[in-house]
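The data below hold one chain only, encoded as structure tokens and taken in the form predicted on its own.
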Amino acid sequence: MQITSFEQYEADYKKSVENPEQFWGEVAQNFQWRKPWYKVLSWDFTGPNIKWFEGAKLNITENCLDRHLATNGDKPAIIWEPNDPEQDSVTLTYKMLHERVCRFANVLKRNGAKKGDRICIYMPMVPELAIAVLACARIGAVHSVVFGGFSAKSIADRINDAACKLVITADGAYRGNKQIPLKDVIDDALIGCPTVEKCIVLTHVRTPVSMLKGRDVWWEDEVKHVNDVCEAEEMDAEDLLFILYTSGSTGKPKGVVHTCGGYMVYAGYTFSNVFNYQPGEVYFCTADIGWITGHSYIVYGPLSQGATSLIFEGIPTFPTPSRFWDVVEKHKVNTLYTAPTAIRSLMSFGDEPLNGKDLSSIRVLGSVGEPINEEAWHWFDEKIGKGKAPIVDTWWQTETGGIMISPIATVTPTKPSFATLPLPGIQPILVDENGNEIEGNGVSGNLCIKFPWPGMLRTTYGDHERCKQTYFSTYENLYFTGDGCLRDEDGYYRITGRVDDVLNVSGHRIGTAEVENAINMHAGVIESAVVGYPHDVKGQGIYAFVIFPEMHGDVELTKKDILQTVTRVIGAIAKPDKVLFVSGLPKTRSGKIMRRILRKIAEGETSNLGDISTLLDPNVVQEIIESAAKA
């Protein structure tokens, strides 16, 4: 299954395009199935209707846990590094992890959970988060993990959309020198969530919390009432595994649905290949399990391959900017997979935090979440990899389930800021605005995929039409990624950024409409428009243009009020970096906001704004330019 040379990559890629069913059928043989499939693939992008490994039966946790017990039961499955470096790290072997997953699966059943139920998980980066995820999969319940930075309203929206029956949370979380009151946030959310029957609470920060009789139970108490024997539920390859909510170009987040069989095969195959994982190595992905990167490349991908996956609770700069390098040295990390935002942030501290740190164990480096700029790529290569560790610059999405375009470590020749070549089974094309394919090299266009792959989304939960409209209706018979892309003279792909109204802030996708809706909830705001602009650390910052006519007194305080509103409605990750008060917005006569003009102003490029004569009031543009210059 593992590609070891560029010639093998070319051969595998050719086979995967010419005979995809045979190719993926052979890859899938490397996994454990209770019953084989009768058809590898049936598909139709107009529906859309995609099925992989039809008729097959399995449980993904048997592939992540049970099948490793005989030969690797005593091998570390998870190493947990806490927020506080003075606290001991924790290692769970595959045998220990299996026992804890089975025990917590029985806790879920004891609390009324069964196959098909949706369960919301809102937890810190602790081993119990991975245990909760796997326990849901063990009993056939559908997990919906919500990142710990979201607000009560955002959580309530997700719980209600999926009609979750249970919530799993903790009293609180640590994030650097801050403590986040997770249970308090959940309590606020659950006021408006009638489907939730039970809330299981893990003790982590030992902060006082409210526990409601009949609804709230302690994790520690519940595990005492059950044993650690839990037969894995038999699942169909196309049964739901999880829902993960992602921002779109309209206000409401959409629940991306991934299913059991295809997702398992794709996450495992891409993990093994992209990182060239070798038995016994320590693999460290710095993402949060609340995002797809954590699902695929902290939990399911690594564990399906019997790897050792490091879970880190903290942040890269606490208590010092040396923290990542201390973790690498302490655990002899072989693969480090992180985000360009983290790399740029650590670059800003100079070389001093690296002094005396032993990074010699690093063999492979990876970048995820957004395109990595050349300066950060070179710093990562020279300072962290010492010029010896290949960088896999991975492009993929929540919707794709796994990495799509990326170098294969030790195999693909790399090029700074290029995701390079598609993995076997991935058939990308570039199209113009009318959907015509742009052939050849040295071209740019909108990135689409013309053939299905096992890890792709199947639907958006409860709203299949939205899935169709968002991903399959822009261009006929193509999956549209929403990204612009350049293909250079060597046929290498470079992602150039979103072409829809979605921002990529620190690797997190945030819909402009979502942020505008939150700003507009502030009592004094009449209207707002949000665009992205280049940000030295985050890659893209959020710039908000706000109409607020009845302002009293302190402008800066009003801005803070608006930021607080966004934090309450969505969460701190969506707070605008810049707020500019304006008397009007550039609109066409039909009332559409001309965002391209606002983007240029936000970027400071006001010399060439294009034709503004079609605007309802062209004078408003000059006024905004002058206000922005003074800000």
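From 1 onward, residues are counted along the sequence shown. Remember, predicted model here, so these are calculated numbers, not experimental data.
FYI, the form predicted in complex with a small molecule isn't displayed, but the following is about it.
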item	value
Contact of residue 113 with the small molecule in the predicted complex (heavy atom, 4.5 Å)	no
In the predicted complex, residue 376 touching the small molecule (heavy atom, 4.5 Å)	no
Residue 363, heavy atom within 4.5 angstroms of the small molecule in the predicted complex	no
Contact label in the predicted complex: residue 505 to the small molecule, heavy atom within 4.5 Å	no
Contacting member of 246, 144, 517, 459, with respect to the small molecule in the predicted complex [4.5 Å, heavy atom]	246
Sole residue of 308, 154, 293, 304 within 4.5 Å of the small molecule in the predicted complex, by heavy atom	293
Segment that reaches the small molecule in the predicted complex - one of 319 to 327, 386 to 394, 269 to 277, 212 to 220, heavy atoms within 4.5 Å	386 to 394
